[in-house]
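One chain comes next, on its own, written out as structure tokens in the form predicted alone.
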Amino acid sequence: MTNQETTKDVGVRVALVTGGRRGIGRGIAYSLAASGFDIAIADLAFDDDAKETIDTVRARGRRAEFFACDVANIDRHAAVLDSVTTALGPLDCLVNNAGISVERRGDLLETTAESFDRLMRVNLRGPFFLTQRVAAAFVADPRPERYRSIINISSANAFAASINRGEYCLSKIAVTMATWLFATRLGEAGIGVFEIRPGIIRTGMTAVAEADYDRRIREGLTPMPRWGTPEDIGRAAAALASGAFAFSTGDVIHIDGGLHIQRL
């Protein structure tokens, strides 16, 4: 019997989405909920955005809870995961979506150690150790009847060099290796580990460069001449979490309108 077949009729499934209160995280939460997952949102603060996300998931018939969490604070990971399990049940899917960009774009030759360390703490170190803890729990509690997965949200900057935010690029390409490492370690347990690389996605994070991206998209930056949406990312995450690709792991999924294609 395949993993895909064993995902049928297994009862409640639970997904934890870090940075899930708005933007790409919200799009992922909505798509996972539509696919039958109850949703745990882990984010910095419960604000109006978080309330809207939680209320919308509940209105669509799924359970949803918010958990205050700074992913960079690895000493809090165990307590947050315990709270999620108590409230909703054991995890079936972790989505490492929480991330930050540079505070100020500027010359690569002027990148500061403070900015570099800040990006690495949030975009790499925190997700790495949260994944480690979740992965250890998955391995310690085998559930062959359930498909379980870990999905890392990186960026087109994992392959596209942006010299005005070099430290961000480095944090994202490191996520690729983390994905491969955990995919290799967890393969024998049937746990899928994936990386989604969003392209130009319309969110609050990209609003600072909206005019520039509008112009570049018009000029042919991507084969598909439009912005991406959080829903585009969400649908990809839901497909991966569902077990539809149960014999795949370590894969990089580009949701970028073809931005990654080298063209002459």
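When you see a residue number, it is the position in the sequence shown, counting from 1. Note that this is a predicted model, so its numbers are computed, not measured.
Although it is not shown, the form predicted together with a small molecule is what the next lines describe.
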Site check D43, D70 and P198: each within 4.5 Å of the small molecule in the model of the complex by heavy atom: yes
Which is the contacting stretch out of 79 to 87, 92 to 100, 140 to 148, 177 to 185, given heavy atoms within 4.5 Å of the small molecule in the model of the complex? 92 to 100
Contact between V193 and the small molecule in the model of the complex at 4.5 Å, heavy atoms? no
Quick check on L130: any heavy atom within 4.5 Å of the small molecule in the model of the complex? no
Indicate whether G220 is a 4.5 Å heavy atom neighbour of the small molecule in the model of the complex. no
M205, heavy atom within 4.5 angstroms of the small molecule in the model of the complex: yes
